[in-house]
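First comes one chain, alone, set out as structure tokens in the form predicted on its own.
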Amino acid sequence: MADYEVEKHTRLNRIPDRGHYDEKTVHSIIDSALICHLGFIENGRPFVIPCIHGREGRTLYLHGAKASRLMNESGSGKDLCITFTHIDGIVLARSLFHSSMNYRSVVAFGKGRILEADGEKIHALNVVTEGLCRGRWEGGRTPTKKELEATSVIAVDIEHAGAKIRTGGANDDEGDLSGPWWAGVLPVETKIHPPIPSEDLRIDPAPPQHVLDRVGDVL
């Protein structure tokens, strides 16, 4: 896999060893995130809005109601900043100054475009759906013409991206190591739990295999 070209706005200046620019690392963080946060400027005011996403290659797909601010602005060709974050642990150092978190994060930049053709929109929605639960596109009812017309789908081609990752324990000063304060990590885990069937199901409530396959996944 190729690396993303490092630019001034993606290069880590503080603790640069935590920076990663290869596609494998960046894309794994994007794909395992259930939501992203999309930032843009509208009429001189900054907005950051959470949304569901899907990825194919270096293209991100976002969807929402046609009337939403998110869709109107993100599909206008303006510069966008999209972030993805996983928290893996709370790092409790002896020193409050050195307390931190273990995390995996990505900051991506690109411009969005509205997908107009039904075929493009269907493909993008397939990517988003399969990113949430592989096999769900075939396991659920696909969008009707009316639903498709009410939905905006945006494609964002990632121009630049970088990941930042912290792992490990506390990095305390040598002078604090003999002190009376406890230090360590509180692990944090986001995990898919067993499904809860809808109460109004009129079919066998046993979840299909593609749903069960998602259980246990750690994000």
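As the structure is a prediction and not an experimental result, all values here were calculated from the model. All residue numbers refer to positions in the sequence shown, first residue = 1.
Keep in mind that the form predicted in complex with a further copy of the same chain is not shown, yet the notes after this line are about it.
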query	finding
Heavy atom within 4.5 Å of a further copy of the same chain in the model of the complex - the one residue of 32, 167, 59, 151 that qualifies	151
Interface membership of residue 28, a further copy of the same chain in the model of the complex, 4.5 Å heavy atom rule	no
Proximity of residue 157 to a further copy of the same chain in the model of the complex, heavy atoms at 4.5 Å	no
Residue contact check: residue 107 to a further copy of the same chain in the model of the complex, 4.5 Å heavy atom	yes
Contact label in the model of the complex: residue 77 to a further copy of the same chain, heavy atom within 4.5 Å	no
In the model of the complex, residues of 191-212 near a further copy of the same chain [heavy atom within 4.5 Å]	191, 192, 193, 194, 195, 196, 197, 198, 200, 201, 202, 203, 204, 205, 206, 207, 208, 211
